[in-house]
Structures are given as C-alpha cells and as structure tokens.
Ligand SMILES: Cc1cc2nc3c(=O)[nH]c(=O)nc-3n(C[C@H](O)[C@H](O)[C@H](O)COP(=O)(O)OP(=O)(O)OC[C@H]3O[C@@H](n4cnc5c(N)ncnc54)[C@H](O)[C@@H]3O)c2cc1C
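Just the one chain here, laid out as structure tokens, in the form predicted alone.
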C-alpha cells in the first residue's frame, strides 16, 4: 500500500529541530510540518487538521515570520510542493498553460521561453513559486501576472473540495488579490484557500503584446547589440534577458544576500497630493493614473538617507533602498524595527505611509 503524505512528511513533534526556509533566512520554526506533493492528499490533510491552525508555505520569498525553537509558529505548516506543467491548448496564436503551484516561478518563465511562448518575459527572475504569484499579483517592468492569468485552481478548506476562480473572480489589483483579503481568505492561521495550480494565457513568440516602455528595458536590449526599431529587436527572449540584467544590477541576489525583494509597495496618493509633493520635490517620480498617482517608495526612502541603515544584522540594501536584507544573523525583530524606522521617517518627511509587500506572520500589529 502506498504511504500517505502524512506517513512520508508529517512530523508530530512539538519541539521542531529543523528551521523552515525563506529567502530572508530569518529563523523560522513551526509546531508541525506537512509536505504537500499530491493534490489528491488535500482531503486527507483537511480531515486530519480539522479546525487546527494551519499556515501555507510556498518558496518563502515574500514572507517574514516571527518564531523560535522555544516559541514555534503555532500552526501546522503546509509546504506546497505540487509540481508539473501541462499545455492545455494551442489555438494559434494563443496558448493556455497550466502550472502546478509548487513550481519555481522563474524556472516556469524560462520554460515558457524555451517552448517558444511569450507573455511572461517581463516577470523573469522574480523569486518564489507559481502558486504565490497570484496571491501578491506580482508585477515588474510594466506587466502584472494578473494580465496573463486565465484561471486559478485552489483547495477550499471550508468546502473540502477543489474550486476554480476566473481571473476576474480573483479581485486583482496592485499587489492584491482575494487571496490576500482577510474577509475572503481568512486569518493567517486559518486560510480558506490553498492554490494548487494556475492557468496562463500566453502567445506563440512573435504574437505577444510587447511591453518595453518601462525605463531601461529598450536601452538594455540595445546595449546587448540589438536594434529595437527594426521590428524584430524586441523579442521575448531579449526582453527577458534585459529584465534579468536590470534586476541583477539593481537588486541583491537572495542566494548571496538574503532578502525578500521589494519590501514596500509603491504608495498611491490623490493627484492633488502628488502635485503638491512634486512642487516641493521636482525630482520625485510621480506616475499619474486617473484620480490617483503612484509614488516611488524607493525614492522616498532614499531621500530619508536610509540606504545602508542597519539594526543588528538587518538593514536596507546599499544597492536599492526598497530592499531589506539579512547580513547574516538577523532576526525578525530587527528586520521589523528597520521597517518601522523607514515607515516613521517617510511619514515624518513626506506625509506618506508605506505598506509592506511581504506577508508578516503574525500580522505586524501583533508585534
């Protein structure tokens, strides 16, 4: 008889010995861990957990958890390791691809390019898993993943059944989805939905909409020896490599200097407020859209002189003010103190409150 997922992966020890991993490499311990390798095990997992606290972990790239061996996270951690990619349709020139939630996001993007598919090239080199992408509605260089999602597949712990959501039903907005909405998803220790897979709408190379207006993309393609005005210069591969080059130049590699990428969202403010800020600070980047304008969180932090600021081994990256890093021995308390300092200083100088991008567990107000 084939062993269940619990026979293979569940520890019932109340004294966990092995810390869980996030890209920030902060100490992270949990009461119990389940590795989810097959979606068919979800009913058994649901029944076994019952109303017990649970927490879903993907790649840990957008996460700050406060825990210790003496005070582990009071929940069973479900590590989403579902794998697999399926081509659902190839109606020219559009193609639908289903990818399991536990796959590496960047590896999936590179796989699509290797298959002659386009649409995700602007989102190359973003850390994390495919299942985490719709939760945060990841975005970069002019594209949000919501622009490419057709359907999100999930397990509903309340109904104890598999469910699907159209892109419209996901409630996507800037760095937001229904899977981040506590009213729909529930609290951090009792999430209702676990994403099992995502269907994407992509295109055969050469038929995808080219998104290269973001500052630096065209210039980087040209610096690689390609002409961007000849109709063939802005290919998906070239945009992907330009994006990867720009990200490596601006952002520290999590494998070399642990980080969670951009730590704060770019704030949206009323246009009148943005115009007033621009009048006082002409160099401030302002991106108007409708009745609101988006400001650059990185610029605001830079103007406060906080690049390189540290509390213990937690600090602001020297290369990019929007990235908080672990210099080796940081803990969640120090990292959150860095975040609080940034929020207070930006508010004091500019009257703007910055919201964190990573998920804070337990929520920040509990600290």
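Positions refer to the first chain, counted from 1. Remember, it's a predicted structure, so these values are computed and weren't measured experimentally.
We do not show the form predicted in complex with the named molecule, though everything after this point is about it.
Between 67 to 75, 129 to 137, 205 to 213, 159 to 167, the stretch whose residues reach within 4.5 angstroms of the named molecule in the predicted complex through a non-hydrogen atom is 129 to 137.
A single residue from the set 30, 335, 57, 322 has any heavy atom within 4.5 angstroms of the named molecule in the predicted complex; that residue is 57. Think of it this way: in the predicted complex, the named molecule has a heavy atom of just one of 331, 303, 317, 61 within 4.5 Å, and the residue is 61. Taken together, the three residues 233, 240 and 294 all stay farther than 4.5 Å from the named molecule in the predicted complex, as judged by their closest heavy atom. Under a 4.5 angstroms non-hydrogen atom cutoff, the named molecule in the predicted complex has residue 259 among its neighbouring residues. Contact check for residue 343: every heavy atom lies farther than 4.5 Å from the named molecule in the predicted complex. Residue contact check for residue 220: none of its heavy atoms lie within 4.5 Å of the named molecule in the predicted complex. By the criterion of a heavy atom within 4.5 Å, residue 254 is counted among the residues contacting the named molecule in the predicted complex. Residues of 187 to 210 placing a heavy atom within 4.5 Å of the named molecule in the predicted complex, in sequence order: 193, 194, 195.
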